[in-house]
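This document opens with one chain alone, in structure tokens, the form predicted alone.
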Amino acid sequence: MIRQVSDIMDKNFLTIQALDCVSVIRNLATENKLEYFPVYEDNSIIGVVTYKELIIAHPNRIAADAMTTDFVCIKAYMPVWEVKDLFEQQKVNCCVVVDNNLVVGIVTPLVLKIELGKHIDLLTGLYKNDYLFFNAGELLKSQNDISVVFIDIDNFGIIDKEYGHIFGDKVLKEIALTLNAAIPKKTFLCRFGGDEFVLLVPFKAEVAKKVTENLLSVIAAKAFSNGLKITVSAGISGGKRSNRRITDIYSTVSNLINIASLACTEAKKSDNSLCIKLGEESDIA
């Protein structure tokens, strides 16, 4: 389930007025172990005083002198992935969560980093499925075509048995790095599990096929640890949208992944390393 701001926001804060004295705010910070103070003036939020600003500010100054204006106001129902994009694009120090002009929480880069860390695969450094589902949903909501590419390493079980699981993990890292370096911009790669990866692309099936063929070629041409040559198989679904859309985005994306995984299995069984498989979900993506 895609987490929202309300799931991660810090509720441990106090609002202050622009004319409040820094020395008073310092005392509040010490007594209540607080680090963030949203600043109001005329019932509007005009800044945020952080513990860092409190330390360097003169005690006789007022909140308006010590506050930072590098913040944005967001809603509690915003997905955490949107907040990630917000921090990266606007370079703000914090996000103030507002409901009817009342501050209900604070989201800082550290809080967001901790949350996003839960969605990062520790072995490969790639995001997990939540990242893919969010971006697929955004693309579908904006009426983009999407295709899902399911990628599976050929004979990975044999690699584990012959070279050991530690070596197998090293190969998985190398595969992830290679794929991540080769994918086009505005595409989204995640580790699905085991030796499987899923790529989301905002393209029709024909373009997704070309992208996938390039990835397969890049992997096949590379010499991995110990000079090992590796191939991967892939299945593609989606990229054949007609005029209709459905509202259950989670089910749509889940079905596309399932169709692509079946196509990948079919590719493994055949002489062709790539298979495009269309199912009932393909004409809505």
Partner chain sequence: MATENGTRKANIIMRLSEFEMPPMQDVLIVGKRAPIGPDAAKRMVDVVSPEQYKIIKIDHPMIEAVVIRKILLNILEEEKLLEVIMEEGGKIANDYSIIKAQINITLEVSKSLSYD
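Numbering follows the first chain given and starts at 1. The structure presented is a predicted model; accordingly, all values stated were derived computationally and were not measured.
As for the form predicted in complex with its partner chain, it is not shown, yet the points below apply to it.
- Contact here is defined as any heavy atom lying within 4.5 Å of its partner chain in the predicted complex, and by that definition not a single one of D152, K185 and L189 is a contact residue.
- When its partner chain is considered in the predicted complex, only one residue from I249, I62, L34, L54 comes within 4.5 Å through any heavy atom, namely I62.
- At the 4.5 Å threshold, heavy atoms of E41 reach its partner chain in the predicted complex.
- In the predicted complex, at least one heavy atom of A18 sits within 4.5 Å of a heavy atom of its partner chain.
- At least one heavy atom of H58 is located within 4.5 Å of its partner chain in the predicted complex.
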